[in-house]
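Next up is one chain by itself, shown in structure tokens, the form predicted on its own.
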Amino acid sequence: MVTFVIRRVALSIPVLLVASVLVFLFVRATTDPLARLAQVNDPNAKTRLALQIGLQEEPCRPVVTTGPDGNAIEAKTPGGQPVLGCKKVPVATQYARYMGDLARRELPASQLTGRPVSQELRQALGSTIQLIFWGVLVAAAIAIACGVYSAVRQYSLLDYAFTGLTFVALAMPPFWFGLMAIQFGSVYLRDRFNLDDPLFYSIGIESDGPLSYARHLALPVATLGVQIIASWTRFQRSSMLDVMNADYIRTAKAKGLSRAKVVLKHGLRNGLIPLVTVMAIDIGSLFGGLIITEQIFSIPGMGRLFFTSLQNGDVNVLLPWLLLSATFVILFNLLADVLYGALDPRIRVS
């Protein structure tokens, strides 16, 4: 098992490096870090910012232009200062320097707030991790239970009910479900029972205790989990149906093992393998994919940070945000590989 894990980690390192290169090139090609200074009359302001973020480097020399008489003259700012032009830094050098700064945790501050990027990401990541943890915990428990029951009791009334509900859940857009959840859980129930405070809060996830914390999280977790539960339930049901028809399951039944032991010990362990893949990919993508949920419930998480930074052209936040999101996707895919080996020894051997 140790050799299997080491081999998977070794394969993930070059994938992470390639992802970092692609993300860096994508941001540099599609985003102009100097765009927010478009209305500034001082040309040297762009030069100073370019020097600060590593797009240019010294030595800087006055820019020479051609005057009306054809003679060379120095360009001047509206304040009479010479316009400076600096040497452009090649993209490969920019990447190498940026990764070095990232390793030393010496990233530039946010252009929007002036706070350190690491502090911005840490705060946003804390809120997102809380939402993902409880959302995935609830979704996994419900999806596995419903999927296993539907497979074991195939074509029963509850199987049809679960199947119908999954199709309904998959058809509901998250933004619509979130707004409906706020309307019912926060507005309707408060007005219906004349409550001083809403039964479930719809803004943020801060709280003064466990009960308040649960009331803040209930609606965001429901919005996050509704489509995940539906998708995971379908995967778990399909996987369990394949497993329950396997030869070793029939052998286990013939040996006289109880139905619960056959399903939970022999069936569920192998039936979880396909779901592990889907869960790992979904969880990794959730770290950067909760923009709608976090915007609806005003949660200062990773998705909202990305939306705000993109709106304001804050490249100093966008680039490490994308790198961090790509890292999570790769790490959770690595976790899926490791769990494969733990659930099925045949994968470790192959």
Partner chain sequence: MTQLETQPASIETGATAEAAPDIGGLAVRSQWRLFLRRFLRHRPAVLALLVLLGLYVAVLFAKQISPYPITPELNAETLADSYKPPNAKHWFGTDENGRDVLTRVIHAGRVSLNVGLFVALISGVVGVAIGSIAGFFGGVLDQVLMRTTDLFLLVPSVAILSMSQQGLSTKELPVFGRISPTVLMILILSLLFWMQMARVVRGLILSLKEKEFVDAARASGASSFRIITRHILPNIIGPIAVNITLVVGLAIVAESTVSFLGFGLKPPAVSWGTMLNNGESTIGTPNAYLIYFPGLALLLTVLCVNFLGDGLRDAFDPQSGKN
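Residue numbers count along the first chain shown, from 1. Keep in mind it's a predicted model, so treat the numbers as computed, not measured.
The form predicted in complex with the partner chain is left out here; the points below concern that form.
- Checked against the partner chain in the predicted bound form, the candidates Leu157, Ala171, Ala92, Ala260 yield a single residue with a heavy atom inside 4.5 Å, and that residue is Ala171.
- Interface residue among Ile53, Ile291, Ala45, Val63 relative to the partner chain in the predicted bound form, by the heavy atom within 4.5 Å criterion: Ile291.
- The stretch from 138-146, 193-201, 241-249, 116-124 that comes within 4.5 Å of the partner chain in the predicted bound form, counting heavy atoms only, is 241-249.
- Among residues of the shown chain, Leu189 is not one whose heavy atoms approach the partner chain to within 4.5 Å in the predicted bound form.
- Contact annotation for Ile182: at least one heavy atom lies within 4.5 Å of the partner chain in the predicted bound form.
- For Leu34, no non-hydrogen atom is located within 4.5 Å of the partner chain in the predicted bound form, even though that partner is not displayed.
- The shortest heavy atom separation between Ile283 and the partner chain in the predicted bound form exceeds 4.5 Å.
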